[in-house]
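One chain comes next, on its own, written out as structure tokens in the form predicted on its own.
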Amino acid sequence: MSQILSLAIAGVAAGCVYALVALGFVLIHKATGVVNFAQGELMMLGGFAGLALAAVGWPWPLALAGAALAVALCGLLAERAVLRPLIDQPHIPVVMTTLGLGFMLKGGVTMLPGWGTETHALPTPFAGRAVELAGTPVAADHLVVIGVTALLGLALFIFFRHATLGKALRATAQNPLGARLVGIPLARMHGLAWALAAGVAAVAGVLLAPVTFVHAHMGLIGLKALPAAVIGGFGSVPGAVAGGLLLGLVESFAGFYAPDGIKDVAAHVLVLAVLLWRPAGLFGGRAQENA
């Protein structure tokens, strides 16, 4: 039981990171109809932003918040400069543009001397610490990831349910034409969706940094969240969270109990199994409309 609890907490912690990145995929797709393949690189940018702020003496919580704000601004600028001119264009050029944006972000970080070409450790006040939970030692890193994700999820829930901007963004996602007719500026909502998705991805990057370190290839880890969004139902916010948690748990247990190599394909096997059972995803259909 001790081993199972330890694996479950590690899986939930990894699933929280996947859920945050998957949430970015869903937010942008619901608001704009675009699949943003630069989401992993935005997560990587968040890790480096947190590293830079910590290097100049910012405490870890402030570095986390500062990285989220900085990358959210980058997401807003990217939407206005790169994606907004492509509104009403076919999907393939837009998707290819997000791929190009991801390569540009990765290449830009790599070009910075002594930064993007190396692997860095992000110092945290809880690194190397363990907490006893039901008689089982649990890494403090994992509990912090779960706690921060829960707080951010609660904040986003309150924002979408009660804030005027959150309601406008939900209306834009559910019915763009109706939102335009009642005076909601769709272009601003698209920018807000990109900013939110980028900020959430940055939080995931800072949370992941103590576990996998900060490096220019972190975006590949972020792309693992794409199956999580598909599992939950690509248009469902609760589905993104559920898909991320499920994916993290499956990877955690498969990596321990299954033969070597199974962990790397577990996500894709899970996607196939879910889509064969529910082609719209776990939270597709009616739940997707209300998300």
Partner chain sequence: MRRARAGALLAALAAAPLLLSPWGLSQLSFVAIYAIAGAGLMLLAGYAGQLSLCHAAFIGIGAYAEALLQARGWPLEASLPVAAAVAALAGVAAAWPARRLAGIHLAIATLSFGFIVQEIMARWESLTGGNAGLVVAPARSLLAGTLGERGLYWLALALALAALWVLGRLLASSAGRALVALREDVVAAAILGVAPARLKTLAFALAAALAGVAGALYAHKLRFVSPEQFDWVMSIELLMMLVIGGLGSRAGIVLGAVFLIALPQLIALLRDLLPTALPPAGLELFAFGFALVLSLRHAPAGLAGVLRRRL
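The model shown is predicted, which means the values in this text are computed figures rather than measured ones. Just so we're on the same page, rigid core means the largest C-alpha set that superposes within 1.5 Å between forms. Numbering follows the first chain given and starts at 1.
Below, we turn to the form predicted in complex with its partner chain, even though it does not appear here.
K.L.:
Taking 4.5 Å between heavy atoms as the contact cutoff, choose which of 63, 226, 254, 241 touches its partner chain in the predicted bound form.
P.N.:
The residue from 63, 226, 254, 241 that makes the contact is 226.
K.L.:
Exactly one residue in 137, 93, 185, 125 has a non-hydrogen atom within 4.5 Å of its partner chain in the predicted bound form; which is it?
P.N.:
Checked against the cut-off, the match is 93.
K.L.:
Quick one: in the predicted bound form, does every one of 85, 230 and 268 get a heavy atom within 4.5 Å of its partner chain?
P.N.:
Spot residues vs its partner chain: full contact, yes.
K.L.:
Spell out, yes or no, whether the shortest heavy atom distance between residue 57 and its partner chain in the predicted bound form is within 4.5 Å.
P.N.:
No, residue 57 stays farther than 4.5 Å from its partner chain in the predicted bound form.
K.L.:
Whether residue 282 contacts its partner chain in the predicted bound form should be assessed with a 4.5 Å heavy atom distance threshold; does it?
P.N.:
It does not: once its partner chain is placed as it appears in the predicted bound form, residue 282 has no heavy atom within 4.5 Å of it.
K.L.:
Counting only non-hydrogen atoms and a 4.5 angstroms cut-off, does residue 147 reach its partner chain in the predicted bound form?
P.N.:
Outside the cut-off, so no.
K.L.:
Is residue 249 a contact residue for its partner chain in the predicted bound form, using a 4.5 Å heavy atom cut-off?
P.N.:
No, residue 249 sits far enough from its partner chain in the predicted bound form that none of its heavy atoms falls within 4.5 Å.
K.L.:
Can you say which of 65 to 73, 241 to 249, 254 to 262, 46 to 54 gets within 4.5 Å of its partner chain in the predicted bound form, counting heavy atoms only?
P.N.:
Answer to the contact question: 254 to 262.
K.L.:
Counting only non-hydrogen atoms and a 4.5 Å cut-off, give the residues of 105 to 142 close to its partner chain in the predicted bound form.
P.N.:
106, 107, 108, 110, 111, 117 sit within 4.5 Å of the partner.
K.L.:
Using a rigid core alignment, state whether the CA of residue 12 is displaced by 2 Å or more between the shown form and the other one.
P.N.:
Result for residue 12: no, shift under 2 Å.
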